[in-house]
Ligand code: HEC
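This document starts with one chain, in the form predicted alone, laid out as structure tokens.
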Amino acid sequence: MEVVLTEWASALIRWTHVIAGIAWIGSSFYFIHLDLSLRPRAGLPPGVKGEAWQVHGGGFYHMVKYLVAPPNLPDHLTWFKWEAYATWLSGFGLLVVVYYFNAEMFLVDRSVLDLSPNAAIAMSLGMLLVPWLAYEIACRSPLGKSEIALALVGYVFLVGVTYAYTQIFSGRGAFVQIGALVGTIMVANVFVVIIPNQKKIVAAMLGGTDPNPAWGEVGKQRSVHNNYLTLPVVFLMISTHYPLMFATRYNWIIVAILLLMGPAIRHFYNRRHEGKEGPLWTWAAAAVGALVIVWLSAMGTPGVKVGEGPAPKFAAVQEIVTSRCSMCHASEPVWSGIVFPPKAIRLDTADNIRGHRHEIEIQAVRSNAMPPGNITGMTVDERSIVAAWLAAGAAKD
């Protein structure tokens, strides 16, 4: 019964996370578009930056933005914050249910670093908090006054943290960890800076004093950071379903490229929202980045010789697969907590092994995604034997 409850908890929390994420990203993208599309004109009320006319759902909308605040506070304000909070809370819940409850399989890889599950969980939590604090300090320091310098330092910082994650956690764990860190930075920008500053503005107006313009400027800075981080964090979260992304030798470089591709694409749309020509170099850069990622992912894992050596006997391959994989991928799995073979893939007969040869190649030869966390200790030589069998045509004898 515990397994069933955990499975359903994972499904429901994941559903919540996706819905909340759509709401947060949708509202964020909308307001970035609105802010960049505002146009000044004569006759606008004092303090208004510009206006925009929009049409949607059979009606017309007239939008204006005050640089700090309107002269009089309206009776009703809509606060856009719960989408961000719900996204992070559901994401953290998913991290706990999927990765912390199953740390031995998904967070730890003893061929990377021999950690106990509890130690890995403690390090995961600490390595969310400490990098966020470092980011917060950098933004509040003199470095934060230069957007270009802050962006460059922030990029190098995130790449360095990613490399550190890959030296501590499994590939899957490292990718979800960097995704969780970026998500934490984004929601903390809302919770710690943007919303409190907006509340200061409201409190000042209710108190009859002029709000400090710096409150809005700082909130805007963090909103821009979130705008450029959105596409990378979305890709990082879905990338844990693709072994060639997270479980190959250059996985940290793949993240480094993603952290450039996402902002480049976002910059194209930001320029378009401003009514300017979208720079096509952004798409060229993204295309080159994608090709480099494909090339890097094809490099495989360290030590595994893909397509080299004489073809082994199938009996040797079957013994490897049976000893390393079939405790989960069988009609009746014997691994604790596994009730049904994952993705309904059974590797307990010769026909099943040969029938799933493509999945075996992706998961256990060209990447080391399986066994998860290399929990059964599959060796490099064993992966090379399977690789040679696949290269020879995956014969049954």
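Owing to the predicted nature of the structure, the values given are computational and were not obtained by experimental measurement. So that there is no doubt, residue numbering starts at 1 and follows the sequence shown.
Here the subject shifts to the form predicted together with the ligand, a form of this protein not shown in this document.
| message | Looking at heavy atoms inside 4.5 Å, which stretch does the ligand contact in the predicted complex, given the options 62-70, 26-34, 42-50, 359-367? | response | The contacting stretch is 359-367.
| task | Answer yes or no: in the predicted complex, does the ligand come within 4.5 Å of a heavy atom in every one of Val202, Gly208 and Gly216? | result | No: none of Val202, Gly208 and Gly216 comes within 4.5 Å of the ligand in the predicted complex.
| Though only this chain appears here, would Ala120 touch the ligand in the predicted complex if you measure heavy atom gaps against 4.5 Å? | Heavy-atom contact with the ligand at 4.5 Å: absent for Ala120.
| request: Please run the contact check for Phe106 against the ligand in the predicted complex: heavy atoms, 4.5 angstroms, yes or no? | output: Yes, Phe106 sits close enough to the ligand in the predicted complex that at least one of its heavy atoms falls within 4.5 Å.
| Lys343: heavy atom within 4.5 Å of the ligand in the predicted complex? | Yes, contact at 4.5 Å.
| Non-hydrogen atom contact Cys328 with the ligand in the predicted complex at 4.5 angstroms | Result yes; Cys328 sits at the interface with the ligand in the predicted complex.
| query | Which of these residues, Arg266, Arg324, Arg249, His225, gets a heavy atom within 4.5 Å of the ligand in the predicted complex? | reply | Only one option qualifies, and that one is Arg324.
| Though the partner is not shown here, which residues of 367-387 have a heavy atom within 4.5 Å of the ligand in the predicted complex? | The stretch touches the partner through Met370, Pro371, Pro372, Ile375, Thr376, Met378.
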